Ligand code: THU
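Below, in structure tokens: the form predicted alone, a single chain.
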Amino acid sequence: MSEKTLTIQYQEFGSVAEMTPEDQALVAAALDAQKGSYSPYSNFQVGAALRLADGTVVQGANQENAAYPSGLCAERTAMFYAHAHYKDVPFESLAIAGSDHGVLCESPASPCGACRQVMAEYQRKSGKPMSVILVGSKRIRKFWKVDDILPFIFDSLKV
């Protein structure tokens, strides 16, 4: 047996004003995307904004359904739309913002495991890292690649 240590690096910002203009715009798009949330059961609105390598920004919002688990997370709505409409354009960065009853959460909302795995597959498909920005009212975290939020990515199927 051997013991291993896993270390990740990320940036933490106290406000969006500390970020690059490009990331500020992506965060604003994620916050705006929350308006498209359909969340009558949880009252938890999630918005996602995905920047593609060509600069295009695609938004997504969580969609709930009475027949749980028939809904879909904001992250996957954005990624699936982007791949369907911009099939050959790699994903560059994804910002995610979550609000509870219309109030932005102090701590950033984290994507579920299924969304992390979908992010990982699109990152692998592009051959380049995709950064992930998690937005909260008190702090914003930026991870340089999906591996930092899903370190042991399921990748037994090679694309």
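Bear in mind that the values here come from a model prediction, so they are computed numbers and not experimental data. We number the residues from 1 along the sequence you see.
There is another form of the same protein, the form predicted together with the ligand; it is not shown, and what comes next is about it.
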Practice item. Please determine, with the chain shown alone, which of 86-94, 124-132, 41-49, 23-31 has non-hydrogen atoms within 4.5 Å of the ligand in the model of the complex. Key: 41-49
**Study point:** Non-hydrogen atom contact Met79 with the ligand in the model of the complex at 4.5 angstroms
**Key:** no
Review point. Hey, in the model of the complex, does Gln117 get a heavy atom within 4.5 angstroms of the ligand?
Key: no
Practice item. Look up in the model of the complex whether Gln59 has a non-hydrogen atom within 4.5 angstroms of the ligand, and give yes or no. Key: no
Review point. Would Val103 count as touching the ligand in the model of the complex under a 4.5 Å heavy atom rule?
Key: no
Review point. Even though the chain is shown alone, can you say which residues of 96-110 have a heavy atom within 4.5 Å of the ligand in the model of the complex?
Key: Ser110
